[in-house]
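A single chain, nothing else alongside it, follows as structure tokens in the form predicted alone.
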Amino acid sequence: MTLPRIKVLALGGTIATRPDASGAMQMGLGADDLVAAVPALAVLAAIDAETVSKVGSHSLGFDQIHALATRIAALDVDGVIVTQGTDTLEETSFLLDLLLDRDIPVIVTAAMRNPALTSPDGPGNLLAAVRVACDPWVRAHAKALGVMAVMLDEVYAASDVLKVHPTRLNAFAAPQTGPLAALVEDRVVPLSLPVREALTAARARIGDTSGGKEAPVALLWLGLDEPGYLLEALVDHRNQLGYRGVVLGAMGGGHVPERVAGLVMQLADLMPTVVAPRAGGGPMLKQTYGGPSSEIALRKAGLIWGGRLNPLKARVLLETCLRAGLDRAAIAEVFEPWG
């Protein structure tokens, strides 16, 4: 029997660290090292491992993920595993999902426990990711599943996965939807297929971004009694600051403090400004509350609604839209199906 051809692309992260002379963990392991640590992979697949970079995911950039997507799009393989750090996995996997339209499994995995600790999870996560990529149900539904994240024996849709704890082993979850599948013994147990109409529509509207340049997007979290000084700076000095868009982590179902409502509306006149729920995701309100800082007033003033996307993912989508050269009206159309 011919084994599936699986490409492992290593970017770095905790999964690829090793201790230096002081005991501090540093980037150092490559893709071959990660594969060699899991001999059972040879039974599942024909593995081809390649080290793309050795950096923590906190230092990855949009340009690097765009280049990675181009690389994945050109591969003649049966599945792709990307290993990286956990810090930005929820963002990079979502960006890959926006950029890729392949009918093979594309999976991002990582580790929470570094290789110097007892029971590091990196080898197990890599084995699980390859097992998922080789699974017949996953391969048959690869296009419907989109890019996936595999962590701690659970499979998540890139659109829905969140890092919900900074250090715990079970740091990843999809609070809105739950996992797509679970690994039990040597089996992949399917649980659901993701709802992908919004992402598919976004990908079609965005089109080819290969010629686009980076489009910096500011991310501002709004909290109790926010005075709005950063909003003032963006309004008064937007050209000097260089941002081309803004995502606001808003309160509740889509609210901002009343004292900054005017600034937020001015900002929306100057550049595409997206409102996303600081609660972590979930469809926001559209027409319930009145008042100058309510969702009704903000939407009427031209704020773009992020729907169920959390602020981190909304920022990824907005940057991608701006990089593709979409104007404010087109960007609003891309976000609208997210709810």
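Quick caveat, the model's predicted, so the values are computed rather than measured. Counting begins at 1, following the sequence as shown.
If you look for the form predicted together with ligand ASP, you will not find it shown, but the lines that follow are about it.
Visitor: Using a 4.5 Å heavy atom cut-off, which stretch among 223 to 231, 180 to 188, 258 to 266, 85 to 93 contacts ligand ASP in the model of the complex?
Guide: Among the listed stretches, the partner-contacting one is 85 to 93.
Visitor: Is T320 near ligand ASP? Define near as a heavy atom within 4.5 Å, in the model of the complex.
Guide: Although ligand ASP is absent here, T320 would stay clear of it in the model of the complex, with no heavy atoms inside 4.5 Å.
Visitor: In the model of the complex, is there a heavy atom of ligand ASP that lies within 4.5 Å of any heavy atom of S57, even though the partner is absent here?
Guide: So S57 counts as contacting ligand ASP.
Visitor: I'd like to know whether A111 contacts ligand ASP in the model of the complex, with contact meaning heavy atoms within 4.5 angstroms.
Guide: Output for A111 is yes: heavy atoms within 4.5 Å of ligand ASP.
Visitor: Taking ligand ASP in the model of the complex, which residues of 1 to 26 have any heavy atom within 4.5 Å of it?
Guide: Read in sequence order, the residues that approach ligand ASP (within 4.5 Å, in the model of the complex) are G13, T14.
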